[in-house]
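The chain that follows stands alone, in the form predicted on its own, written as structure tokens.
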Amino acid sequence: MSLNIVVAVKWVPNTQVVNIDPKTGTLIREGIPSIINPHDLNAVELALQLKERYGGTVTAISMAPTSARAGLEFIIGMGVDRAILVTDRVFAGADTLATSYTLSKAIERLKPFDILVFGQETIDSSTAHIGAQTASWLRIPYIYYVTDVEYLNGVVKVKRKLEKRIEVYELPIPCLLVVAMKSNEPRSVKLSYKLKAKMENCIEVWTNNELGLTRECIGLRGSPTRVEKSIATPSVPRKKQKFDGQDVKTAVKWLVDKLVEEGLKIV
């Protein structure tokens, strides 16, 4: 039996500093370059390994602005068969609850599916909620921190790594697997695969016209989470002090003395 695998990816700002709109409490994306969430690439790699081992197809899905097409072309270049871009202005401003609801409704359109694969968390929020919430909307079993997967006769056997132990579980399909970050090395893009994304129209765009979701359940309207106040990144002024000598021992002593002046305690 071949597997129908769906992998979810997120298009995230490529920055460690995020700015919040004070009126809506949502992320400001304008002017910031974006990338596929790095931890989702671990999910893509695991999905492709399952396809190679057991046969089947891998479909990527992302709820994102239209600019995310570039990211979906990238993972098709890794070997994903096709991609679904779920995009509509009414989806904007969604928290994890509204996002997982929208994703679950889009994934339902891909039935029958066998295994859903998600990354552990995203670099722009790190909530690690989407996998569990999507599985709950779909009413299927899920497990986090997955590092290895085997499939036999409708049962998925997974290993997951916790801080001090390895655990083994069996889940019936369909199920959702959340892949542990840095658990594998995502493969490189092949030019022939990336050309496929350009020439074979492998990316479908679904708006709310296709999904038909109630406005009160999606986007900002469907998001109970509110950002009351964002935490500003502190500015650390530089001392701009420079050692002008050349002797290494003297330089080390000068540096240590300066650190002691700043409160460093030497034991």
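All values reported here derive from a predicted model rather than from experimental measurement. In this text, residue numbers run from 1 along the sequence as written.
What comes next is about the form predicted together with a small molecule, which does not appear here.
Out of the listed residues H129, R187, R82, K159, H129 is the one that sits within 4.5 Å of the small molecule in the predicted complex by at least one heavy atom.
For the options I61, I218, L48, I36, the one in contact with the small molecule in the predicted complex, meaning a heavy atom within 4.5 Å, is I61.
Residues of just one listed stretch (163-171, 148-156, 120-128, 188-196) have heavy atoms within 4.5 Å of the small molecule in the predicted complex: 120-128. Although the partner is absent here, T225 sits close enough that one of its heavy atoms falls within 4.5 Å of the small molecule in the predicted complex. In the predicted complex, the small molecule sits beyond 4.5 Å of every heavy atom of I75.
Using a 4.5 angstroms limit between non-hydrogen atoms, P141 is distant from the small molecule in the predicted complex. Taking the partner from the other structure, the small molecule in the predicted complex has a heavy atom within 4.5 Å of a heavy atom of L103.
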